[in-house]
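Let's start with one chain on its own, the form predicted on its own, as structure tokens.
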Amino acid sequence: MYCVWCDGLCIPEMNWENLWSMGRTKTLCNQCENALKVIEGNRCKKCSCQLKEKQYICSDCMQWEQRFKQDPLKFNYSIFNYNERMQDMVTRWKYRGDYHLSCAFEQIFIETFKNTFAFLSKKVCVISIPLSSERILERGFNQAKVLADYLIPKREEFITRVYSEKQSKKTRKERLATKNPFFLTKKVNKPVILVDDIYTTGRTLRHAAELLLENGCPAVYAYTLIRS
């Protein structure tokens, strides 16, 4: 196998810690794999951002708590920090249409999901954050949908999105002030796990969570690949 990022050979290291996973296909070489930084240590229990001090939640999440009587999002769990290598990978994957690069994240996305959401019953709904039709035409695929399709239970489509300006072009203040771009196509009466690629301010996920809670959903969680 060759690395999906640098095209170098993927040679797995032999040791007792990874011997059990030797049968799995390796998609990144050791050097590229090590360039990605998994969030470790103390993290915000609400949004997964890395915390230097021994806090329970970060200042951003404290503001969300103050903004709502009850935060519509139970919590978000992210896997990676948005370091320089991850930014480069997202640019090629998300904005330059390198669909195959998704497989670099498949195994860790599946395993972390199982460990993080094992406390929920099997009667849970997985929903990917949708893109507008205009954005789909521009990018060729929805990266959140790709990630959600790795998971069990099977992804369901209960939310649609109208056209909106790219979030990446907006300031934090502009993102927080955006109107809800989502519409519900069917009511959901079981807990939902929203899947997206990046958690930035949390506004997009909370827009979707608010809509779901207003229409009978009992609880909303989020699962994202990256915490920026």
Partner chain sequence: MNRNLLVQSQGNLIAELAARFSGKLLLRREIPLDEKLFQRLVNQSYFTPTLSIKRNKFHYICERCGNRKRRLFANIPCNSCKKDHLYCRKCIDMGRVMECEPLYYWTGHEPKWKKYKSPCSWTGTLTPEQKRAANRIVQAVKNDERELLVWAVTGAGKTEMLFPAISHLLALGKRICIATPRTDVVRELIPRMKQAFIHVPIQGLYSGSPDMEGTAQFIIATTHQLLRYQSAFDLIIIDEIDAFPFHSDPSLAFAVHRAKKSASTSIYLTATPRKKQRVRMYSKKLPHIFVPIRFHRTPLPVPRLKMCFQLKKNVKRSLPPPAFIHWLKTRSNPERQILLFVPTILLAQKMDQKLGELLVKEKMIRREGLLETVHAADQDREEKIQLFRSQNIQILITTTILERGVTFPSVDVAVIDAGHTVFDEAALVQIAGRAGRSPSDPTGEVIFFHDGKTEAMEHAIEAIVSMNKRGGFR
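Positions refer to the first chain, counted from 1. Just so it is clear, the structure is predicted and the values come from calculations on it, not from any experiment.
We do not show the form predicted together with the partner chain, though everything after this point is about it.
- The candidate spot formed by Asp7, Tyr99 and Phe141 lies fully in contact with the partner chain in the model of the complex, as each residue has a heavy atom within 4.5 Å of it.
- Only one of Glu156, Glu84, Glu134, Glu111 lies close to the partner chain in the model of the complex, with a heavy atom inside 4.5 Å, and it is Glu84.
- When contacts are judged by a 4.5 Å heavy atom cut-off, Lys123 does not count as touching the partner chain in the model of the complex.
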